[in-house]
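In structure tokens, the next block holds one chain alone, the form predicted on its own.
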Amino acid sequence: MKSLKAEGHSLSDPRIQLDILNQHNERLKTTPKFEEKISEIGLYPLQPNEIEIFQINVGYMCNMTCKHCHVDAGPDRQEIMTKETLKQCLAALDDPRIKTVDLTGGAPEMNPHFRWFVEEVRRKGKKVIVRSNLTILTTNKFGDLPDFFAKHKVEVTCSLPFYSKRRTDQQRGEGTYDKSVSALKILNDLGYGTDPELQLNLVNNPVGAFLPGSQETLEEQFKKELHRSHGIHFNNLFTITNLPISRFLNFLLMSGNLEDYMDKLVQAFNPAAASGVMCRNTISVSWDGYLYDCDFNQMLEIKTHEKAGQHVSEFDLDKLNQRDIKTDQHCYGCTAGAGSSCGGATT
């Protein structure tokens, strides 16, 4: 399976994605605007509480091509953050108000400077989270990374759509489940999931056009089933809503589910979830150093407000903490039901 970009697919253009969400047909044209929705509860313009998390997308290259991927990542993507840009990120991290560095991709491990960067960030005393697809940890080239993670006390947050083989492979490709289980066992053997200093989290997102179930209930089910079937331990399960962009938007269009899914998100709008959206305490940095309010805005190429600075080379946390956050119709995905963020439900 190729990425949308490699296919030359129209949805690889973020402008077309936004156009579809706003005015694909009469039904979507009349969908309440997200800005109006948060105006009703006094949150417009949406502003940060205080940025504490520095999320860096170090590249769109990945060893997998998952059906739901909002990054449109894959082996054919070549965008990778350079060492020069990573050094600019390190300079920004001198600000003590930033406590956590969240590394994502693609497969972040495939950036050639990944290990060097993790070591530099840990020297600064920051917490490091790596968002791993798990399967990369079973390859020869990256098989020693679990030891590296444990040595530097990196928090590992892993994609695992479901605790059953069928549903996981359906979304992420044949053989994914077995490789994921193997990687989780390796991490468990190092103490991940049981040692308080080695946090291991799983991420669940729906396989189809529906909202995630209760995070608390699913975590209980995942823990019970993964331990019963494979003896696996982990700390937390994060439920994440699929946002209607990129490959998931393509799925919604191809399956005729887009309008119903948008209605579902709008009807499930939760003011409490809107108050806790991740863009209020996180800033997202793209592989080429541009700043975004979140990873989803990054994929839609909606940069941070001009007055706050738009590149990590001009990083100013005070300006960013005072900016207006940019929103559009996809933001309904983070405010539906119990809310959704890279750390799971927000309520």
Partner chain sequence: MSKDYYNSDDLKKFPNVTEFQEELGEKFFKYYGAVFEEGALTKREKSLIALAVAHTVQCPYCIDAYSSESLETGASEEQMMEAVHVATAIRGGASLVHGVQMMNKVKDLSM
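Positions refer to the first chain, counted from 1. Keep in mind the model is a prediction, meaning the values are calculated, not measured.
There is another form of this protein, the form predicted together with the partner chain, and it is not shown here; the text below is about that form.
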Are all three residues 2, 179 and 230 in contact with the partner chain in the predicted complex, where contact means a non-hydrogen atom within 4.5 Å? no
Selected contact from 266, 218, 226, 198, since only one has a non-hydrogen atom within 4.5 angstroms of the partner chain in the predicted complex: 218
Between the options 275, 170, 235, 100, which residue brings a heavy atom to within 4.5 Å of the partner chain in the predicted complex? 170
Look at the stretches 72-80, 189-197, 205-213, 104-112 and give the one with heavy atoms within 4.5 Å of the partner chain in the predicted complex. 205-213
Contact with the partner chain in the predicted complex for residue 142, defined as at least one heavy atom pair within 4.5 Å: yes or no? no
Please run the contact check for residue 149 against the partner chain in the predicted complex: heavy atoms, 4.5 angstroms, yes or no? no
Does at least one non-hydrogen atom of residue 307 fall within 4.5 angstroms of the partner chain in the predicted complex? no
Taking 4.5 angstroms as the cut-off for heavy atoms, does residue 260 touch the partner chain in the predicted complex? yes
Note that the partner chain is not shown here; using its position in the predicted complex, name the residues of 148-184 with a heavy atom within 4.5 Å of it, in sequence order. 162, 163, 166, 167, 170
